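Okay, here we've got a single chain as structure tokens, the form predicted on its own, with questions on binding and movement later.
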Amino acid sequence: MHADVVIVGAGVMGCALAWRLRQRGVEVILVERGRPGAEASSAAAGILAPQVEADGPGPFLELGLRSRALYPAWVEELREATGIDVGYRREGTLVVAGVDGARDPDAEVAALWARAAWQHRLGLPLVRLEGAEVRGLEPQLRPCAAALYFPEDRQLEAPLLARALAQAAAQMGVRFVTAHVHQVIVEGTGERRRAVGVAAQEQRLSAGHIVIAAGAWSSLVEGTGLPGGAVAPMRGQMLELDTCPPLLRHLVFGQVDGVAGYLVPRRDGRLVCGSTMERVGFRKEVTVAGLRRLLELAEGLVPALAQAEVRRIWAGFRPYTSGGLPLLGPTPIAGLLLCTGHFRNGILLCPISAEALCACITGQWAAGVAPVDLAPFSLAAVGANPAGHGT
């Protein structure tokens, strides 16, 4: 079987790229071992908050801001194409500090104001709030010393986004193949190496371009040039509570007893609480210790959640790189590209990643039309050292 492009992995990254490529007339085969979007894409909370996730100015912040700006048009285009509402919300994000009982409230508030300072210098939108103002916005929150409000941050429901992207790709004529890809087929030696296809169980799929978008499993595909563990799984346990009526309007980040996390309210009263970060390899268990941390965080931030019903618990694998940045774009092997390693921001970075890889494949890059500079996200720049699994 042959196509212009074979994409390994049908999560949000693979489906989004396939969708965009088909819109430009490119023939695409999308290979996934299971149901499209069933792994990290559907496990994610759907947070679009680059100003919270970035530790400071740099390539990640720029990439996140560019991607967040693409989302309004993206979700509308997906809704028109598929009829699926992905739950896109515009209320913004609160980051609270010095919650009553905090171990070191002064240090938390100082770190919060330091974040406000560097973002203010960059001209990014934010609002500093004192404790009483925070309670005015969210009366159910436990009293805190201060907060930052990021009005441009957004959220959506990741499983709905994964479904919409898979459906949009299928409607455009992307060919889906259910198979386990174990190897990229490379011809030539040295600088003349070129990827010409993939071995997917008992069949060979050939193409002019191969894209690895297999998330935490990317390093397990032979022939990519990725060292073992260069993209490693980071387990995240999460839970969903039921509150009726809803107790929060805004997405809230905070910490309780040194445990940091977030609460993501849905319109219908569901509330997602996350998330642990555990290097345990491909162990997908939900544990007592993990759930305890999440429940204590939820109740510590919003005491009324002690009475909420636990609807659902789950775990997923974030694709983690040692450099902390995603791997995007061409590799030293001609015809082989990477779109992986997005760690905890795969949903946020989906639009810009798809647009950037599409530009690489269709030749827009060579023509000088590039949506973003990919140099900081190359294998050499991010680092090829194994991220490790650890415990």
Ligand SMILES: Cc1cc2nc3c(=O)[nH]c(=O)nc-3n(C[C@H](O)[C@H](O)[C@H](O)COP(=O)(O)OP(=O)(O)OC[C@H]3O[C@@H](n4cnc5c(N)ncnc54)[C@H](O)[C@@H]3O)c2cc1C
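Residues carry their position along the shown sequence, with the first being 1. The structure displayed is predicted, hence computed values, not measured ones.
Unshown form predicted together with the named molecule; subsequent notes refer to it.
Proximity of His180 to the named molecule in the predicted bound form falls within the 4.5 Å heavy atom cutoff. Residue contact check for Pro233: none of its heavy atoms lie within 4.5 Å of the named molecule in the predicted bound form. Taking the partner from elsewhere, Ile347 is found to have a heavy atom lying within 4.5 Å of the named molecule in the predicted bound form. The closest heavy atom approach of Leu21 to the named molecule in the predicted bound form falls outside 4.5 Å. None of Gly197, Gly316, Gly92, Gly98 but one reaches within 4.5 angstroms of the named molecule in the predicted bound form through a heavy atom, and that residue is Gly316.
The partner is absent here, but in the predicted bound form a heavy atom of Gly46, alone among Gly46, Gly329, Gly335, Gly64, sits within 4.5 Å of the named molecule.
Stretch-level contact analysis of 123-131, 187-195, 235-243, 305-313 against the named molecule in the predicted bound form, using heavy atoms and a 4.5 Å limit, identifies 235-243. Counting a residue when any of its non-hydrogen atoms is within 4.5 Å of the named molecule in the predicted bound form, the hits in 202-236 run Ala213, Ala214, Gly215, Trp217, Val221, Gly236.
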